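Before any questions on binding or motion, here is one chain by itself as structure tokens, the form predicted alone.
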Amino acid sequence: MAAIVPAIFVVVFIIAAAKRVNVFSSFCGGAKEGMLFTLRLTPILAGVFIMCELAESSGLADAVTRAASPLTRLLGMPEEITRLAIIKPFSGSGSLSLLTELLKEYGADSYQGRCACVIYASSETVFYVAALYFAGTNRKERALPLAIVILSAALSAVLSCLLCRIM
């Protein structure tokens, strides 16, 4: 792997030289675009991180977990992993922490452990990815894509537990 990255650079420089492209100028232009993207992304990410912290410290995450538990139990999800399924779309590190706690308490081979692992692996931090996507585009319609992704994450969690129950 240590040789692949330098090899890619050499190949790019050779192709650029063959096409008579000013490599330094192209690099600076790309770096400028990257910095502008980062500037557009920063306030969005700050909002997502602040929202996650407020939900956790205010007790909103616990309240939502308690309110959703009867429905998730009805759908076959163990009550213990409801919080993981709710937190995962918002926070990757927070959900990893919850996964670690669940695995310590129930073990990796338990039904709860298997469900938690599949939920963690089969979903994404929706709001972080949405922040990246919307910062890089000029799309004004944001509600429908977010609703679809949240619905997909919920369906993924339910189906994960169903598969773990079958297998």
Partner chain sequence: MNIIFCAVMIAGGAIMCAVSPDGFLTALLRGTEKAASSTLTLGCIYALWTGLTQVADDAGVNAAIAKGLSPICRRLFATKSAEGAHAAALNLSCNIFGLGGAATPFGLKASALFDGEGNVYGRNMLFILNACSVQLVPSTVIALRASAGSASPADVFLPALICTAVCTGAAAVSYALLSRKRKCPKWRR
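For the two forms, the rigid core is made up of the largest set of C-alpha atoms that agree within 1.5 Å on superposition. Residue numbers count along the first chain shown, from 1. None of these values were measured; they are calculated from a predicted model.
Not on display, but discussed next: the form predicted in complex with the partner chain.
A.B. asks: Quick one: is A67 in contact with the partner chain in the predicted bound form, heavy atoms, 4.5 Å cut-off?
C.D. replies: No, A67 stays farther than 4.5 Å from the partner chain in the predicted bound form.
A.B. asks: So in the predicted bound form, does L71 come within 4.5 Å of the partner chain, heavy atom to heavy atom?
C.D. replies: L71: no, not in contact with the partner chain in the predicted bound form.
A.B. asks: Of 120 to 135, which residues get within 4.5 Å of the partner chain in the predicted bound form if you count heavy atoms?
C.D. replies: Y120, A121, S122, S123, E124, V126, F127, Y128, V129, A130, L132, Y133, F134 sit within 4.5 Å of the partner.
A.B. asks: With the core lined up, does the C-alpha of R66 move 2 Å or more between this form and the one not shown?
C.D. replies: After core superposition, the displacement of the R66 C-alpha between this form and the one not shown stays below 2 Å, so no.
A.B. asks: Rigid core fitted, then: does I148 show a CA shift of 2 angstroms or greater between this form and the one not shown?
C.D. replies: After core superposition, the displacement of the I148 C-alpha between this form and the one not shown stays below 2 Å, so no.
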